[in-house]
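Before any questions on binding or motion, here is one chain by itself as structure tokens, the form predicted alone.
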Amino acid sequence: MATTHANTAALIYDWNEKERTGPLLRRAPRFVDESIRDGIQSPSVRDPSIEQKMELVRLMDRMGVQAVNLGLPGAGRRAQEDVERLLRFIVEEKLRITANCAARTVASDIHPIIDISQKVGVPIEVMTFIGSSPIRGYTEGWDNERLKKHTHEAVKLGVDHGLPVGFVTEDTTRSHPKTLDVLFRTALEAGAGRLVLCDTCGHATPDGLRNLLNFTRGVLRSMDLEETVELDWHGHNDRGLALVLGLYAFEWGFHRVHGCGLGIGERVGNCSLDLLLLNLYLLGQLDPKQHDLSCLVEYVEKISESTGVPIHPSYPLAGRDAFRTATGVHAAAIIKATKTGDHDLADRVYSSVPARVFGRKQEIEIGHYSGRSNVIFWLREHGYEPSDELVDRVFNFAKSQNHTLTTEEVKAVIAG
């Protein structure tokens, strides 16, 4: 007799869609992966080898990430060599992903980008940045005239050499509107085609993001550039809001959002690019023809392996515990769903993320919160006959412990 599978979607009431009056996003989302630039600025990471960086860029391209920041060539010879090798790699492998590079608003940072682009014969978007907040200006002894001069010269240098230029205001979310107005206009008049609004210190709340976006649109509208200049959002996670703000940025109309695999980066890190992709997939906002997320877990694992940053056990999707439980109530429901043969039901009865879509599966363990069903399921999954005597022995041992049992511990109990 054939197994009848439930319509899992019909069994979930989705409050996320309640009162939605229009499309979630104005346009298809685009991403900038900062893992091998901002990501490796974290004081706790090691700089991946060039081979590891190539592997990461290949995975980014496979996932449908549109752009990658290859580094800051102005940092020195090694950075320049890595950027050139990575750019050649993109060309040789015919990857779809495009390249950009970070640069301070000084000629010595921009010239290496121009040189690399000319050597390889491929344009690199110059992402030239300058600190714009009053607290930074006070600390550095900068005034608006100096900021304006550096902005004009840097943007013009890139544009005059035929490169696309994005103008990046560091600490935008704490910058005064008068300063931003001057700098935005200066950059755009010099030929910048993109403004990158940065939450460099992780200061913004959703209200702050919306207010800043509305202000920036007002500047563009006054220059009749609202339809031609693109906007990027670059967020950090100091308040734990980076992922939420990345989603809002897309919903409210930003063209691109930046992020890093595993959320690595300065201090507490950037928006987790993998979780941004995961959430947009779950919201039905990614075209499967453009975004292959079957390698999303592999991408996170490669980020971890190449940078030395461990994946926290409870990290969503890629964490060891993401689909693993030893709690009796949870396990009992998953076990019942599994017995129906309906993998989707088993995936969704105690999870909002379908594990099997991403190459993971539900795991039932045995611990001090477990019920007898955990023990029976575990024994059967590992090839043991769950006799009453054996179940009792493992169950009683688990209740006497203060942790989830390892496979070796359970086998030791079984061996007697």
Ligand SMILES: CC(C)[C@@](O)(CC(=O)O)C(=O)O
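All residue numbers are counted from 1 along the displayed sequence. Because the structure is a prediction, the values reported are computed rather than measured.
There is another form of the same protein, the form predicted in complex with this ligand; it is not shown, and what comes next is about it.
- Under a 4.5 angstroms non-hydrogen atom cutoff, this ligand in the predicted complex has V168 among its neighbouring residues.
- For the chain shown alone, T200 is a contact residue for this ligand in the predicted complex, at least one non-hydrogen atom being within 4.5 angstroms.
- Taking the partner from the other structure, this ligand in the predicted complex has no heavy atom within 4.5 Å of any heavy atom of Q52.
- When this ligand is considered in the predicted complex, R348 lies well away from it, no heavy atom lying within 4.5 Å.
- The contact residue chosen from Y248, F129, F323, Y315 relative to this ligand in the predicted complex is F129, the criterion being a non-hydrogen atom within 4.5 angstroms.
- Heavy atoms within 4.5 Å of this ligand in the predicted complex map, among the stretches 32-40, 53-61, 357-365, 372-380, onto 32-40 alone.
- The single residue of 236-250 lying near this ligand in the predicted complex is H236, the criterion being any heavy atom within 4.5 Å.
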